[in-house]
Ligand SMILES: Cc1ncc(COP(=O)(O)O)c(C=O)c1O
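In structure tokens, one chain follows: the form predicted alone.
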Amino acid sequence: MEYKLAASSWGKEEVQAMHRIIDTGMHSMGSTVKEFEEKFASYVGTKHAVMVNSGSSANLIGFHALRLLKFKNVAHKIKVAVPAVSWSTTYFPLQQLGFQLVFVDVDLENFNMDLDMLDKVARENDLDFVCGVNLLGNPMDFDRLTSICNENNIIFVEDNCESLGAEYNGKKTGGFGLFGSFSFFFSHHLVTMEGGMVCTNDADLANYARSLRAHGWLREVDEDSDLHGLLEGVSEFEKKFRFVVPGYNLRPIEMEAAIGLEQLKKANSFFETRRSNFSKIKKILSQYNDFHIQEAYEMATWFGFGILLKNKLEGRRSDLVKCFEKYNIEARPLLAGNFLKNPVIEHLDYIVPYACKNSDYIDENGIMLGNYNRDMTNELQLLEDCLREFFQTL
């Protein structure tokens, strides 16, 4: 028996979907991608969805489209607030696009950005926008975030790669900001091999994202988009080979979209199972006074189980990990811990207005276990047996 960080959620439907695409002979981005985009946008509750080859790429084209739309002629250095605890792909596209990162601490209860600190930072640092991260399936307090941004005349976007299906006041995350990003990597809520999505209600941002996704051309861009005006007078023959923005090649393939369509049919059952698994692990951990498990602000979908060690376990993460290894339980740090502790930070343009003490604590005492789209009774029984032995030896 083993408890791994992730497990497959594919069934025969996903395998059959792959075969259908193989039989068509059309493998690159086409009608199946478009169908998945439309159904995914409808599920999230946004007007537009743009599929790409990964959640990392979703952040990249979302941030790039934002720069072209809102900050094209801005002379000053563009400042974006980010939480100090997240994954690398929150930060790297921002650096690659020339933004300055303003690191904000996180809340020790729910692990999301500390909005009290954000409020203070926004008033003192002339922020241009905020990248909020719904961490590990847990929504942010969007009422408070919206209020802070409105009061300081700044934009916010969502890195929602870990929180598909989570809800705040009945609305799905990824649909609150100017755009929201999603990932369909193996460990995520919906799995398409690789794959990601940008969702937005802003038609201009969606069209910029479509052009950026594929070389900077106009082939997938709406005909009424202002981008088409850049090629006014150009013949239809030439238009397919003229470029309007400095794009990439981040296109998904038809097979990924076909799998996504099958996974989307199962999405609600996946989320209910993840919530059920969370209730079970919370019951196990509540037997001990030395764990804090991530608190949900609202309707979370629990990407994984984020746990803080406290009391007599504070500073003893390595001891617990050794016991996990004995029981074949995979564990990892809580994402990248405090990202400021990573050596790559020397390559980033950033400031830290206030000490990120909570992120430091997470860096040293945070641990993460996996959650699946299926029942985990056996895996969690293994965890319970492991913890029983561990605490007997303390």
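Bear in mind that the values here come from a model prediction, so they are computed numbers and not experimental data. Throughout, we count residues from 1 along the sequence that is shown.
Not on display, but discussed next: the form predicted in complex with this ligand.
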Open item on the list: Just to confirm, with a 4.5 Å cut-off on non-hydrogen atoms, which of Thr89, Asn277, Asn138, Gln263 contacts this ligand in the predicted complex?
Closed with: Thr89
- [ ] Find the only residue in Asn365, Thr32, Thr46, Ser56 having a heavy atom within 4.5 Å of this ligand in the predicted complex.
- [x] Ser56
Task: Check all three, Lys282, Gly370 and Glu379, heavy atom within 4.5 Å of this ligand in the predicted complex - done: no
Open item on the list: Whether Asp105 contacts this ligand in the predicted complex should be assessed with a 4.5 Å heavy atom distance threshold; does it?
Closed with: no
Open item on the list: Taking any heavy atom pair closer than or equal to 4.5 Å as contact, tell me whether His189 reaches this ligand in the predicted complex.
Closed with: no
Task: Any non-hydrogen atom of Phe185 within 4.5 angstroms of this ligand in the predicted complex - done: yes
Open item on the list: Using a 4.5 angstroms cut-off on non-hydrogen atoms, would Gly174 count as touching this ligand in the predicted complex?
Closed with: no
TODO: Considering this ligand in the predicted complex, find the one stretch among 313 to 321, 156 to 164, 210 to 218, 289 to 297 with heavy atoms no farther than 4.5 Å from it.
DONE: 156 to 164
Task: this ligand in the predicted complex - contacting residues of 102 to 135, heavy atom within 4.5 Å - done: Val133
